[in-house]
Structure formats: structure tokens, C-alpha cells
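Here we start with a single chain on its own, the form predicted alone, put down as C-alpha cells.
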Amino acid sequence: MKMDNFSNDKVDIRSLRRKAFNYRWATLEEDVIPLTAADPDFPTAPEIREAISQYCSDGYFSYCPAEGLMDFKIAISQWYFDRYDALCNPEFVLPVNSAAHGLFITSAKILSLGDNAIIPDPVDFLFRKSIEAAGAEVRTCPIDQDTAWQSIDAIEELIDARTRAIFICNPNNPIGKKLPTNFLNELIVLAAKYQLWIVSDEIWADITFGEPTKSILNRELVDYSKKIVVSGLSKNFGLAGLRIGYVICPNQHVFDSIFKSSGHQSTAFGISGLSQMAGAAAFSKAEYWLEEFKVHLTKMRSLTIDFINKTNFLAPVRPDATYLAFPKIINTDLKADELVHLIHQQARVALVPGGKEWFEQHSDGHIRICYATSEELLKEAFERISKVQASKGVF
């Protein structure tokens, strides 16, 4: 199939200005190019759109099973088996209203008031929010930003009698790195030593360059009964607005507990049937689209790395996953938010600053660049920044 889903003419900026919020096209001035929230500028696969259309065609939008539609649960299970050599019973998969909600309800199940949980630093702010919402304390452990490793010894030093879980983000947002197999095995052994939960956010697992992500559920890893995966379809298939997430549980008991904490059975919470059918179509019919997307992203990654290497105010990076780059600011006294503001005002390009409110303390002094856009738009954004840098010398 000819790859034409990711050319510049596929980016419908008029639609994006109506629909793409979260500090993107719909919330910024019309002359600004957003390389901000991790949300693609491309329409999703035709097969997904067709599945949505067919679901809507008869006009019925009835209640769905509180435990989730079996078609979607089976599609998730098959996806993990085919791509990650992981066995997960579809009966133990809970579709939820976004991966973010999956983090919250999982935290609510495994944590109580006064407990604590360990997270990587840097990592997305939703990890902290979900743990604190459960009444628990957050403890952070730094990541080596070149390798994504954490020191197992440093993690162990954070563990005490009230520690209940270790959270990981694989691949990591914002640094764009996969976790190595050796580290995952060492982490599992450590968790088993103290009988801690491992909660693995794998929302980015499908967006990799080179070797695939090693899911915490991969059968080659050390076996352990307290692994939980949280993921969704916002990054791999561009379906953020449909709020499609899921939690993969290790057994019926854990599924029942997380299901209870989800509030699904009350009908006050849950994921729509339309979203689940879109998710099932994505996994069963649109894998080719994802692979084409990754081919496009490989080129955009190279353009981004080249741009960063040519600047004198950003340190080189080489992400091996996600469509994010997270370079450190160098050769300037500007803070991350000041640099981002200046680039916005002078170059008319929007970026995301590091900082504890975004990605924990060790993200200070960095900026995040999302390159899930067309080649023309990405080049234009980088040219604008380079011109301001050359002509005004402001950074």
C-alpha cells in the first residue's frame, strides 16, 4: 500500500483549529505552529472512521457491559500476544475512560491513605496526581536520561513498610526512551522481594524505533503475580478525543478489585461503546496505518535530532521511542518556561517546558518537542526558530 496518510496535504489545519485543544491548534494564535501536546496532526485510519460510522448508522447508543465489550477486550489481548509475546486473559482486561483514568482507578485499588509509591523522575504529572488522589505519598527516583535506567539500589532505598507500588512509564514520557530488559527483570525481582505492585504505563509502547518495547507482561521476563499494565489508544492511533484506555490485570481477583474501584458498575463512570468499537477496529484492522505512521515518524525524528544538534542552546538527544524529544537547555541563562515563551513570541512556535508541575523535578532545564506532524510543518517550525536565533541572538 502506498504511504500517503502522512503527507502535508493530510493535515487539515481548519479542522484542527476547531478540534485540537490541550495547548494545540484550537487554543493558540493562528500563526503559531504547536509542537506541544502529544497528539498527532493527522486524521486516524480510514478503517477506524468506518467502524465509528457503522456503529452510529442504526441510531442506537445503548448501555454497554460495565466490564467492557468483549470484542475490544479480545482485540487488546490479541494485540499484546502478537506484538509483545504477552499472555493476558481478555476476561481480566478492563476498558476504561482513558489511560489517565486507568492510572487513577489502579492507584485507588492498590494504595490507601498513608501508603507511598515510587515513580520515575522525570515522568508525566498524571503519575503523581493519581497516587496523591488515593491519599498516598509520592517518592521519586531519578532516571538516567541517556539510558532510561534507574538505580535499583536507589529504588530500594526508598522502600519502607508503607511502600505499596513501583510505577514505571515504558517508554518514558518525556525522555522518549525504552526500558532495557535487564532493568525490568531486576525491578521485578526487587518488587517480589517486598511484595510490591508494579504498575507499567505502556501508552507509548507501540511507538518505537529499532527494537520493540519490552512489555512488563512479556513472557521472557521474570514471572510475578503483581504486574498491572495501563495503556490506551491516544498515541498509537491518534484517538485522544475518544478517551480509549484499558487496564490489564493479572487475575480475576485483581480485575474485580479494580473494576470495583472504577465505579463502572454504578454507571457513573465508564467508557462508551463507540470508543470501544473504534479501539477494536484499530487493533484488528489498522496495524498497517500504525506501521506507516512509524515510518513517517522515523524521518521526523531524524529532522528533530538534526535541528537540535545544529542549535547552540540545546544539548543533543537520541530518543528511541515516542514522538517526543526532551533536550536540555545549554549556553543560556534562560529558564525553560522563559525560553519557551520567547520562542512562542519571537518564532511563533509553541513548545512545552520542563518543570515539576509537568514532569517532576528532574525535568527542570529541559524543553519537550512533539514531532507528530508533517515534514513541511516541522521544517517550517525549526526554520522559524533558527532564523530568530540567527538574526536576534536571543537564545
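This one's a predicted model, so the numbers in the text were calculated from it and none came from an experiment. Residue indices: 1-based, along the sequence shown.
This protein has a second form, the form predicted in complex with a small molecule, left out of what is shown; the following refers to that one.
Between the small molecule and the residues 98, 200, 145, 304, the one pair within 4.5 Å by heavy atoms in the model of the complex involves 98. The contact with the small molecule in the model of the complex, taken as any heavy atom within 4.5 Å, belongs to 234 out of 150, 215, 234, 77.
Note on the interface: of 285-293, 112-120, 150-158, 242-250, the segment with non-hydrogen atoms within 4.5 angstroms of the small molecule in the model of the complex is 242-250. Remark: residue 173 counts among the residues lining the small molecule in the model of the complex, judged by a heavy atom distance of 4.5 Å or less. Residue 206 falls outside the set of residues with a heavy atom inside 4.5 Å of the small molecule in the model of the complex. When contacts are judged by a 4.5 Å heavy atom cut-off, residue 169 counts as touching the small molecule in the model of the complex.
At a distance threshold of 4.5 angstroms between non-hydrogen atoms, residue 126 is in contact with the small molecule in the model of the complex.
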